[in-house]
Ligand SMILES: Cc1cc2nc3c(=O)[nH]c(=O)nc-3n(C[C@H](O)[C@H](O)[C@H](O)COP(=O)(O)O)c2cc1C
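Take a look at this single chain in structure tokens; it is the form predicted on its own.
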């Protein structure tokens, strides 16, 4: 029986078939460590977060991360493990009657601390030694380094893709299907890689993509990422589902930018490098009021230059590896969770609950989103030329061609192919809005391929999550340096003095052009 808290001060706790017990608790008194520690079962599970106790029994079957994690943290101070994954904002999704009360410092100190033991289930090999950061010379090097140190659950979260991984593989291979056409006798002693994103100057035509729950990889989380961005003058897209709050992220970003300005005025950094900027990625939940609140909070920080509305997550895709791991965790935690394991295998437990997504979102919703934001709006997750054209007609400022890193639709198109579709069937779109793309880019020079075909900038995701996980903020800075170095070297070798010279003639995309959708061949 699920617990319920009543205004009378009575708490009905979980019971076995032999016991039906009612405890009278004065809610003004502090809860004791002994009382909290006794609630760590399927029938009654309590946890402590930041000195506040919560009864999460009725939430076990609804928790997006699975019941096994909550049970592992049951009866403990779970603050540290919670902060690795969630922002305090996520507590709004708990049942309204979950809050039990506060505990004092002495009781909190007496509680056992939660551990990440559940994270290591299924690890097939011992942790390897982390290579020195100087040995990381290409973006893909960060992946192996991160795998050596990341807990299995965190690794699975970021590495996994939809179904059998075909969309992710397509992303990775698409970049090699486009070849450069280098030109000679161009003075490329110095080249200028500067660009702009939605009217804001950018040091490079790439940005760090939105990634949720970055605290899974490293305690620095999003704070470490935005500090690295500010130091290097690179734009970044910040997820709705962060570990730190957006206010904490905004404060850290503004602080690092102020430090950068002082260094610049003292002549300690590169001249004329634009400042970094942040953009806000919005998941529109089923409750519009929550979406409006998110937009208003993002605008109030003063650091987000645009909002990018995620349009490819009507429901969550089939994350195969996640499902397998959640099922294994449930069975390893308790035989009583066998039914829970079966639900995990069918995707009924995921990193997002149904209320965090919105399957009823339509083009009409753009009206209130644009009204609430009052600035540039980008659609994130456009996968056809037709939708890009409609977005342009509705006055959207940009589209991000993306299949969500291969994590949503099985066999979804890679972004470069969608870009070629637009060039072929709706070329006027290129003049009406800014086109961004992401998915599978693992070399700074490859960014030039997308820019030459009409993209404004390229988003890069997983390499930066891996860099953060392995080396913290320093890893993110090195990954930014590697991408920018490869980009500049690529410009010199292809004979491109600045990005104004990036044009379709600089690349050979004929292999991908052969693969694009052809309406005349699709009619039956």
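What you are looking at is a predicted structure, and each value in this text was computed from that prediction instead of being measured. Positions refer to the first chain, counted from 1.
The following text describes the form predicted in complex with the named molecule, which does not appear among the structures shown.
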Of 296-304, 358-366, 405-413, 449-457, which is the one stretch near the named molecule in the predicted complex, taking non-hydrogen atoms within 4.5 angstroms as near? 405-413
Determine whether any heavy atom of residue 147 comes within 4.5 Å of a heavy atom of the named molecule in the predicted complex, and answer yes or no. no
Contact test in the predicted complex: residue 209 vs the named molecule, heavy atoms, 4.5 Å: yes
Can you tell me if residue 157 lies within 4.5 angstroms of the named molecule in the predicted complex, counting non-hydrogen atoms only? yes
Considering non-hydrogen atoms and a 4.5 Å limit, does the named molecule approach residue 283 in the predicted complex? yes
Which residue, 174, 239, 383, 277, has a heavy atom that falls within 4.5 Å of the named molecule in the predicted complex? 239
Between 288, 163, 169, 442, only one gets a heavy atom within 4.5 angstroms of the named molecule in the predicted complex; which residue is that? 442
Pick out the residues of 35-72 whose heavy atoms come within 4.5 Å of the named molecule in the predicted complex. none
